[in-house]
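Okay, here we've got a single chain as structure tokens, the form predicted alone, with questions on binding and movement later.
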Amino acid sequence: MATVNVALIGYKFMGKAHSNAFRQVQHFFPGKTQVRMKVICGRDRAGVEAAARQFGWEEVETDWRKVVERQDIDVVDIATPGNLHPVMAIAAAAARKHVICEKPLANSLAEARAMLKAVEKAGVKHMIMHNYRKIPAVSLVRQWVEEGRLGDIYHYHGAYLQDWIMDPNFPLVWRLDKKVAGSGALGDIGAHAIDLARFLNAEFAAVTGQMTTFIKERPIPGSGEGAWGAKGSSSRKGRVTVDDDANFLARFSNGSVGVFESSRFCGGRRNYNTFQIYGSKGSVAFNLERMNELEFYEGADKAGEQGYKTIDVTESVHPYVGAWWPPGHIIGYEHTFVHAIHDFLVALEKDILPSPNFRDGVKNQAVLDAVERSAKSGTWQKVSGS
């Protein structure tokens, strides 16, 4: 059995999700490749050491360049803020490491293209972690679309709504700084909605949109006595440089049209990633907060009996489900990362390119870029090719 030594850069939210996936994948998807969780990297030694103990990494490092340069590392997994993706991915590719990278791929289209060029020049495998493609219900919809079960697609509606920064006393964290995050709701969660639309429908042709920042200043963490106290109060405030909400219309290459919204200001929506697809033969709707279900309408239903039915996507015949539990026993968010790592390992075994990969990352980044250009110009903008 082949063994791949993995290095993970980043140990907080996404580092935790990726670590769990590496630990669990072979327990449920045994294959020809053994994962060795060799080293986890982060700037705070105490924090990264605690993460290594909790998640099962063999070693820790605080200098990511040392990790990339190690001869015993085969795969570099990048789970850092977006401003660090390009330099890390390009260095990893130059060192002939396979690369996994969190989304969005970069903070700009130019950076994303440079990353793709680097991995292709090096001839290494590369994957972008759009884990929502790996939900069984979403993969099942992809099968239906490919089989023509929905017919010709007319409408695609995508929304990703959250509410975690509605409190004006929530601090000015890195996700609210454009230099670090690249964009706000658009890139953070809108990138997922864009990727799902490309996965399930077609490539974007043109967009027109708007981006809004509702709270323009927030408390700076650590500034003044009592900073980030019970209500996050602070004596100093800084400017929010990203969008709180981004919404846009889209035209697709297959002639269908789309409506999209990404917002972190929708009260009561904790992680509301949804899509609805309306075709000539049927329609389907999905909601991440009920991720084991699909709502399906089949146009061939008898008159008087038409309407949506709920399908539990928990049968062994459904994508990925057979590796887990008996029918009706649901899976959760963490399983999507396990599925992604499984697909990555299979790609290594078969010497093929994983999906989604940096090519998808560039195409998604082109849509993000077009939405930003449209928001500035107030006009329709074509989505550039990769």
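Just so you know, these numbers come straight off a predicted model, no measurement behind them. Sequential numbering from 1, following the sequence displayed.
Separately, the form predicted together with a small molecule exists; it is not shown, and the next lines address it.
**Student:** Even though the small molecule is not shown here, does Tyr333 get within 4.5 Å of it in the predicted complex, heavy atoms only?
**Tutor:** Result yes; Tyr333 sits at the interface with the small molecule in the predicted complex.
**Student:** Does Met14 reach the small molecule in the predicted complex, with heavy atoms at most 4.5 Å apart?
**Tutor:** Yes, contact at 4.5 Å.
**Student:** Answer yes if any heavy atom of Asp244 is within 4.5 Å of a heavy atom of the small molecule in the predicted complex; otherwise answer no.
**Tutor:** Residue-level check for Asp244: no, no contact with the small molecule.
**Student:** Under a 4.5 Å heavy atom criterion, is His192 part of the interface with the small molecule in the predicted complex?
**Tutor:** Although the small molecule is absent here, His192 would touch it in the predicted complex, with heavy atoms inside 4.5 Å.
**Student:** Heavy atom within 4.5 Å of the small molecule in the predicted complex: which of Lys237, Arg251, Arg175, His157 fits that? Just give me the one.
**Tutor:** Selected option: Arg175.
**Student:** Between the options Arg218, His98, Lys103, Arg133, which residue brings a heavy atom to within 4.5 Å of the small molecule in the predicted complex?
**Tutor:** Contact residue from the list: Lys103.
**Student:** To test your reading of this chain, name the stretch in 118 to 126, 157 to 165, 300 to 308, 80 to 88 whose heavy atoms come within 4.5 Å of the small molecule in the predicted complex.
**Tutor:** Flagged stretch: 157 to 165.
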